[in-house]
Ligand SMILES: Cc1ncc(COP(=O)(O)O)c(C=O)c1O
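This document starts with one chain, in the form predicted alone, laid out as structure tokens.
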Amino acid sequence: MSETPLVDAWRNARSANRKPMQVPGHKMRYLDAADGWAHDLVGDTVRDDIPLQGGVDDNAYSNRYLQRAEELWATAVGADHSRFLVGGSSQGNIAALATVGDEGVPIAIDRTSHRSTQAGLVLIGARPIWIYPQLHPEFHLPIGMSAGSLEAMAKQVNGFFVTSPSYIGTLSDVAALARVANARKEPLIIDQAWGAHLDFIPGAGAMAQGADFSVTSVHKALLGYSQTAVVSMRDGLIPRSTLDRWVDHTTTTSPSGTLLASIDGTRAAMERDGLGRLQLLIEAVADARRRLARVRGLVVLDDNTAGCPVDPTKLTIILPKTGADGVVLGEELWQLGHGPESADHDTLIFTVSVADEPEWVVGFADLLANLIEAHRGEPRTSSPLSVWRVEPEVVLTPREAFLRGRRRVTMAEAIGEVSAEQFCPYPPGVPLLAPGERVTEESVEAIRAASLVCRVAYCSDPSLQSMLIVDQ
């Protein structure tokens, strides 16, 4: 059995029957008791919550349970140093960007990256140099960042930030990107939020392929508690202490030992027999893809249809030639208890994880095929989300735009001005418009169109009737 320092310490703390005279306020009184004050309202929700400080470990962390668990994770994924996070991959992206960036310095960033990259840029003041993935010629979906796009950059940058897997599951050739970055002596950060499982397939993870930093969401495709993630790094270009400083700067001072222990337990489970479980799952997804490919007009994203490698656990389907509406299908799936990761008119995305039973995945494919047939309509041309095609005009750094004076205008009046805020369709969590970018007719129309199929998040006026612009 693999060593599990945090899990063991968490279990010991849970059975200790303490009555602490320190935080948390619920005093761990609800671990087993059913008669505590307000148990009917909060008891079940905090039942297993044990803090790291003064709970799983003592106040000084003198037992080093967390440090040891982080060392074990780093070894498992081929990194030199790892830090556990309770602020999701958003915290990891911010910390990684801050580790390589500084005020005014250029960082080359994949434009299809998560909105947390914008938060990192606001925090550190770096200047984004946007780089763009290749797009599928028919579906206009991202099919990976080419090494040539990095080689073609004439100017020196402080690092490269690339998302792989993409939200839809397509993969970049991280090894090729790493060779370019290494030759330029510029660090490569891979946002592998959607691919934590890849670290446990030999040679498939970002660190194994030569990335200098990787950020993974343990809660997205593995077994971690919601909010759990890990940022890992390779020694050489940047000291570990720089990453440590930024992780500590962006985290809570009261981390949950329960959340952190779930990362430790996940790593141990994946080392024990995770590869075997993943192989069964990959076979099930391949079978599901074959079954869905028999549906007339349906395009199932895989290595052949995408023209690039695709995460073997991702299930992404493209609907226009079936005439079915993904939004309608998504709502019906929610009613059935099988809500998709994402649904727009043309595309449905499903996240499959090691917790899914392989036979259930295959059965779900049959259910989905029947739903598509029930909603079949006239074939149509595809109209992919605009987030995959954004090429903004950057007028100010995100930090400059965020900190300057601002004023509110109607969306129509904003055209030609500089945005002071972010408009981010969620999912996929990729900004259509960000602080410091020129507002155009195309971006306003794209925001309006996105609002018809999903939530447009992080803007100040949810009605999308107005926006904040930089007061120049």
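Note that residue numbering follows the sequence shown and begins at 1. Everything numeric here is computed off the predicted structure, so don't read it as measured data.
This protein has a second form, the form predicted in complex with the ligand, left out of what is shown; the following refers to that one.
This chain is drawn without the ligand; in the predicted bound form, the residue among R389, R179, H219, R234 with a heavy atom within 4.5 Å of it is H219. This chain lacks the partner; the member of W194, W246, F350, W73 within 4.5 angstroms of the ligand in the predicted bound form by a non-hydrogen atom is W194.
The ligand is not drawn, but in the predicted bound form it has no heavy atom within 4.5 Å of G125. Interface residue remark: Y167 is counted as part of the site for the ligand in the predicted bound form, having a heavy atom within 4.5 Å. Using a 4.5 angstroms limit between non-hydrogen atoms, T163 touches the ligand in the predicted bound form. Contact check for Y426: a heavy atom falls within 4.5 Å of the ligand in the predicted bound form. With the partner left out here, the ligand still marks one of 298-306, 126-134, 87-95, 261-269 in the predicted bound form; by a 4.5 Å heavy atom cut-off that stretch is 87-95.
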